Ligand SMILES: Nc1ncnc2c1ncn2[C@@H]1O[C@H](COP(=O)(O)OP(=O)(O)O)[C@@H](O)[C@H]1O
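Only one chain is included here, represented as structure tokens and corresponding to the form predicted alone.
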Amino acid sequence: MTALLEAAGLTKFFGAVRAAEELSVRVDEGEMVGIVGSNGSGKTTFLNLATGYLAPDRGRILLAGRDTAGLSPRLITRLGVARSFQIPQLYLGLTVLENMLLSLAARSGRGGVWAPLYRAPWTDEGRQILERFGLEAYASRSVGELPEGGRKLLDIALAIALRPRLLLMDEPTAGVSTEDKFEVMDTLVGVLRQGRITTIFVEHDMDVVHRYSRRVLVFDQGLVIADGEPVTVLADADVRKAVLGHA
């Protein structure tokens, strides 16, 4: 297997708080890796380090063998890394399609130019992406009208529009109802597998991690304390205590 993302000796402190200490993580092309851990365990910090939103105190991050230390989030995105956030980063007053067109414009380096957004290649591609996520029927409606699950899917669809090799997701089912979470994840995972997009996702819902990840990393106080198949890792008493507070 070919390593797409490698972290070696990754360390980040916030004062006396250890967010990451000597982390060494490898994610191969095509993997779908879940990350679990209690609040403050370093999960989101790892995503921020991998995407350039934070600089490590020590250590390296390699993307397909290239050291990304010191690169801005925008440059890392151009190298093929996209991200979605726990709270969707959307323009609520714009339509679903307009949000998509802004993402496509950003991919082309022409973001922020309003007048030329409605051009045939972008509108055609934007509608095709929305259709893959089951959102095409909402194209002309404002994002504010979407249910929470729809907003989550749109946020991730905007990341997919960047044509990433690696997608990082922070809490893809946060705020989504229990009844809708599996439908959202089924749609999402279907698109990711079709596009052969390597994926790392942080998630608190153990049912989601069990069902959709092929490998899980367990974070605790800035350390990776377990790494393996979900059925094995999440049944471990020490892991359950670290993540859930009880065995």
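Since the model is a prediction, treat every value here as computed from it, not as a measurement. Just count from 1 along the sequence shown to find any residue number.
The form predicted together with the named molecule exists for this protein as well; it is not shown, and the discussion that follows is about that form.
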| item | value |
| --- | --- |
| Distance check, Leu23 to the named molecule in the predicted bound form, heavy atom within 4.5 Å | no |
| Contact flag, Val17 vs the named molecule in the predicted bound form, heavy atom cut 4.5 Å | yes |
| Proximity of Thr123 to the named molecule in the predicted bound form, heavy atoms at 4.5 Å | no |
| In the predicted bound form, Thr44 touching the named molecule (heavy atom, 4.5 Å) | yes |
| Answer range among 208-216, 65-73, 35-43, 181-189 for contact with the named molecule, defined in the predicted bound form as heavy atoms within 4.5 Å | 35-43 |
| In the predicted bound form, residues of 77-107 near the named molecule [heavy atom within 4.5 Å] | Gln86 |
